[in-house]
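Shown here is one chain on its own, the form predicted on its own, set out as structure tokens.
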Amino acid sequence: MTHLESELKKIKDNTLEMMHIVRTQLSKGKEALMTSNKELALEVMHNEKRVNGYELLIDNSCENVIACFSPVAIDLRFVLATLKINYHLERIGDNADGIARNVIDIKEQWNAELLEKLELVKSFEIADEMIGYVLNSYENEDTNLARKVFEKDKFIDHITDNALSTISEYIKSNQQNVNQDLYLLLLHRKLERVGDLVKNIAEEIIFFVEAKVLKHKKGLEG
């Protein structure tokens, strides 16, 4: 293994680890939300420092490889794509942290009936599945897995589109905790953003593996 290959492997390993951490952050955010577990929410907020630490590590490693080795072809595409993937992962971590902060802010446990109607659990599950696709796609350079993300993202968008009317109807007859109930709409928006960020990651994987730029392509985002 050449020095360049060794450095690229380190970047890939660290990025995969960051993907695992971010995925865990989102999973714990879901659990904290569904159980109103403030201790678990605080854990998510504390671990945000790890996400930020990996972001800096990966950024520095990518910049050093470009400066020291002047990579070309697929190696250069890998480094450039990973720089963007790293940014998107950090943003997913920010949204997981935001979900945890919303859990800290609530005064009472979320209404179970409203949670079910809003299909928040389903949105979390789809987001987790999407992260799993890009994680395995990045590790194995399998663009077929990356492409599965685009269709999944439509489901999160659909659920989010329905959330406003669902909450509005619910509040008409349940006005005890209006402010808290409206928090759930913000949580939907965060999950929608997570879906968009994962989709961006999938595009970067396809770019580095196939040398195809999919950003802004008509019909890709549905």
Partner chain sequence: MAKLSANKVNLFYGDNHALKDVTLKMDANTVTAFIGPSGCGKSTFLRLFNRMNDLIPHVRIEGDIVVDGEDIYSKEVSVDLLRKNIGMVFQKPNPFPKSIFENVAYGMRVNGIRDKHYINERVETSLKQASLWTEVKDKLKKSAFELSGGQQQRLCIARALAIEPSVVLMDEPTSALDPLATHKIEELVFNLKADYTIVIVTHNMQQAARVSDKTAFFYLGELIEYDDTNNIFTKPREITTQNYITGRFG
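Source: prediction; values computed, not measured. Positions refer to the first chain, counted from 1.
Missing here is the form predicted together with its partner chain; even so, the following discussion is about that form.
TODO: Choose from 25-33, 40-48, 155-163, 65-73 the stretch whose residues reach within 4.5 Å of its partner chain in the predicted bound form, heavy atoms counted.
DONE: Every other range fails; the passing one is 65-73.
Open item on the list: Quick check on this chain: which one of Lys84, Lys148, Arg77, Arg91 has a heavy atom within 4.5 Å of its partner chain in the predicted bound form?
Closed with: When its partner chain is considered in the predicted bound form, the option within 4.5 Å is Arg77.
TODO: Indicate whether its partner chain has at least one heavy atom within 4.5 Å of a heavy atom of Ala211 in the predicted bound form.
DONE: Ala211 belongs to the contact set for its partner chain.
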